[in-house]
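In the C-alpha cells that follow, a single protein chain appears in two forms: structure 1, then structure 2.
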Structure 1
Amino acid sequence: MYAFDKGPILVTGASGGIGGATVRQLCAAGAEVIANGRNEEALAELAKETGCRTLPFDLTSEDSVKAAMDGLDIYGVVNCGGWGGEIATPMETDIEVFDKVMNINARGALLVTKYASQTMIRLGKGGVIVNVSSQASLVGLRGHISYGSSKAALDNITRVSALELGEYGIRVNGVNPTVVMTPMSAWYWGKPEIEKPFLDTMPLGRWATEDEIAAPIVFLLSDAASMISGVSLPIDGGFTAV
C-alpha cells in the first residue's frame, strides 16, 4: 500500500468516471483529496462516499482557477478534467468545438499546473502532477481531430513541465488511456462497425475499466514512482504498440 502523507491531492474532473475512481482509490489509500468537477451533485455524492473535500472552479477561467488555488496548500494534482467534443474529420470539423476542446483539455490543465506548481514551489516540499491524456494523442484515430490534438498538446505540457519543474522536486507525468466503455462513450465506440475492428487490433482485446486507469495514476502519485517524470504511459491494452 502506498503512503500519501505529504499533503492534499487535487483531482479535477472528479465527477466523471476516471476522476471519481481516482478519488476513491486515493481516499482508500489514506490520501487527503480535494475533488473538482462540473457535476456538483455527483461531487457531493463522492464526498459523502469517500470523505474527500470539494472545490468548485471553472477550468476555462484563469481568474477562477487562480482564486481557487490562492492559499490552497497541495502536494499533488491529477488533471482529469476534459471534454470529448465531436466526432469529425478535418474537412468537416467545427472550429468552435475545436477551440472549446483545446480550451478545456489543454489550456485548463495548464492553468491548474501553473498555479498548483507555484504553490508547490512556495511550500518547498516538491510535488507531483499527473495529466490524464489519451491514446488519441499517440496514434491517429478517425474522427478525433479535436480531441486527439488537445491531448497531444497535453502530452507536451507534461514533458515541458517535467523539464521546468524538476529542479523543484516536482514530478510531472501523463497517462494515455484507451476507451472506458461508459454510456457516454458507447454511442460511438459501441457501434459494431467501430468496436470490432478496434478491439481486433488491440492485443488484450477488451475495453478498460475506470479502476484500471485510476490504479496507475495512484502509482504515479506515490513515492513508488519517485524517479519517474516526463513520461506518457499508455494504458491501452497494447493498442498503440501495434
Structure 2
Amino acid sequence: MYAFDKGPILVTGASGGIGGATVRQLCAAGAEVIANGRNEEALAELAKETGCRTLPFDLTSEDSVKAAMDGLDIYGVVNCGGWGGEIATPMETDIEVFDKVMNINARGALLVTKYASQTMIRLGKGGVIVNVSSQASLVGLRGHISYGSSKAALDNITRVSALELGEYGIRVNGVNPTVVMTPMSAWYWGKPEIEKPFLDTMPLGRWATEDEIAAPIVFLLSDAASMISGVSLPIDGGFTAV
C-alpha cells in the first residue's frame, strides 16, 4: 500500500508495545527499519521476527544518542520511547519523577530529532518524523501532572520542528493516543474504578490496540501524508473531541 523506499526509519521504543507494533507494520510494508530501545534481548527477538536492524541507546544521554546516530543515514524517525512516570496530583508530585519523565519523553525525543534532522539535511532528500505523544497532552487528566506536561512539551517540539525543518522537506507530526493496555498503562488504567468512568465518556468506549496506534504512525511516515506537517493527531476514540 505504501512505498518506503527513501531510506531507513529509526523507531525508538521498539522494545515496547507500540514501538514494536510500528516496527512490525513498517517491515511488513517493505521499510528498512532500525529499532531502538535499551533491552537488547527484546530488540534481538524483534530483529529475528521482522528483519529490522537494532541500535540500542539511552534516550537520557546525549553522548549515547549522538554516538549511536553519528554517520547513521536515515530518512525517517518515530520518537516512541517513553516512560509513564507517576500518577500524582500537583500537590503530591515527586519532582524527581517529573524531571525523569521530562528527560525521557521530551528531552530524549528532542535529542533524537536534533541528530536525525542534521543527518536528513546533510543527505538533502527531505525526511519525516513522527512523535508519539498522548491524549494526556491535549486535556487535563487527573494524576497526569508530570506525564501530561512531558507530552505537551513533546507537542511543542513537533510544532516548532515542523516550522524549522519544513524548508528542508522534512515533515514533523505527532500522534496522541488514548490508552493501550501495555505494561506501562495497565497497572493504573486497568483498575475498574478508573477504567469504567473513563470509557463511559469516550465515544468509542474502548481502549486502543497497539496496531491501531501503529497504523496512523505508518500513514504519517508515508507519502500518503505528504502535505501534512505540524499536526498532533488524536487516536483516542473521540475522547478529546467531546
Ligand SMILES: NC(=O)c1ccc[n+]([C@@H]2O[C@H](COP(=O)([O-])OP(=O)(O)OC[C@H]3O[C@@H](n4cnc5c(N)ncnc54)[C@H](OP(=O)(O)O)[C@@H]3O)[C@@H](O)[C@H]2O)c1
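For clarity, every value in this text was computed on a predicted model and none was experimentally measured. Residue numbering: structure 1 sequence, from 1. What we label the rigid core is the largest C-alpha set whose atoms superpose within 1.5 Å from one form to the other. Residues that one form lacks are left out of the comparison.
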**Request:** Decide which single structure shows the form predicted in complex with this ligand, answering 1 or 2.
**Result:** 2
**Request:** With the core superposed, could you pull out the runs of three or more residues whose CA atoms all shift by at least 2 Å between structures 1 and 2?
**Result:** 182-184
